[in-house]
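Here's a solo chain for you in structure tokens, the form predicted on its own.
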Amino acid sequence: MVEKEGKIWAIGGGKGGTGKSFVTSAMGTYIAGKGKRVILIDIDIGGANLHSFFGISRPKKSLTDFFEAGASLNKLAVKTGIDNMSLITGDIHSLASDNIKFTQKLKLFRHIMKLNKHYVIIDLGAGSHNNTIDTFLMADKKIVILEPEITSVENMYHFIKNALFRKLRMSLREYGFKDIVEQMWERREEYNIKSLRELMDCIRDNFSYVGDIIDKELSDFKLYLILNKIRSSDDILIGSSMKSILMKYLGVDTKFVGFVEYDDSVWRSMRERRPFMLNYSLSRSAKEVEVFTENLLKGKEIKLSRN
């Protein structure tokens, strides 16, 4: 069964430096090349650098103008040099990410959803702040970028666990059951709960009506995993391992959609101020980007050969 494409994609993962901006720029370039209208939003407040991947100067207009002057998102979009694709940067000068008010955040989400584009691809900042997590949860497709190293794995797991727990609490709050989640988690030793998946199973066992709500509200919590900067065939296996771990301990349906090898041409393309997917379109890494982007578009997983 082919999944619907989903208009809004969010690229997260918790740790900085994993290549979220590279993946966002490369995917956007590929999709725009297929004739789809794409808008990229760099919401890495304080560290926005997505413009650098297109060789353009830091935009003068940013989300600062949205929050402080009420400018529409369409008026903040700048050209990327790629047909069918524009960019909004999140370089907010006077607001830290944790100072954006809840009402401001909801307004931003409403305006993002109204953008007249085939695809909106959001490059999230590092960390697990609530504003970052809520943007991730708002997306139709939740994509996580992972490097094959222990700190990246730990940060990504922490990010997903926080996102799932926040989704769980926010969903049950609407039905008046938020306290059940918090109380059972606080008493997890008494209930012998060792993971979020066991917490949800315990709630289902003790409160069947709440379990039905959990199943309904979390049915759209699906992840799409991309491995970046791999250096060996063994690294690729980390993608399959993380998929199993996320299901075992969090109960999260995860699709491993592809990987990109470590490639010096990525930083060379930035130094040359040329988009990677145009400058190195015939490289192996560019082909790998095409593979996982097609998998994302079609809701498929990567096919790994077994020797």
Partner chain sequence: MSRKNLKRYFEILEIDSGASLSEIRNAYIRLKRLYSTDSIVITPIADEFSKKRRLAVLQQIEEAYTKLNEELKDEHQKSTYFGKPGIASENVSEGEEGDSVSFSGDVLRQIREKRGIHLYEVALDTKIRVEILENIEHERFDALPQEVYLKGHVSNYARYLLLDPRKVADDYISRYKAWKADVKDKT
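Note that the structure is a prediction, hence the values are computed from the model and not measured. Residue numbers count along the first chain shown, from 1.
As for the form predicted together with its partner chain, it is not shown, yet the points below apply to it.
- If you check its partner chain in the model of the complex, you find no heavy atom from any of Lys7, Leu106 and Leu115 within 4.5 Å.
- Screening Ser265, Ser281, Ser241, Asn49 for any heavy atom within 4.5 Å of its partner chain in the model of the complex leaves a single hit, Ser241.
- Shown without its partner, this chain lists Phe165, Phe221, Tyr157, Tyr224 as candidates; in the model of the complex, only Tyr157 has a non-hydrogen atom within 4.5 angstroms of its partner chain.
- Partner proximity in the model of the complex, defined as non-hydrogen atoms within 4.5 angstroms of its partner chain, places exactly one of 192 to 200, 120 to 128, 135 to 143, 169 to 177 at the interface: 192 to 200.
- The closest non-hydrogen atom of Ala71 lies beyond 4.5 Å of its partner chain in the model of the complex.
- Looking at Val153, you'd find a heavy atom of it within 4.5 angstroms of its partner chain in the model of the complex.
- Contact check for Lys248: a heavy atom falls within 4.5 Å of its partner chain in the model of the complex.
- With a 4.5 Å cutoff on heavy atoms, Glu149 counts as touching its partner chain in the model of the complex.
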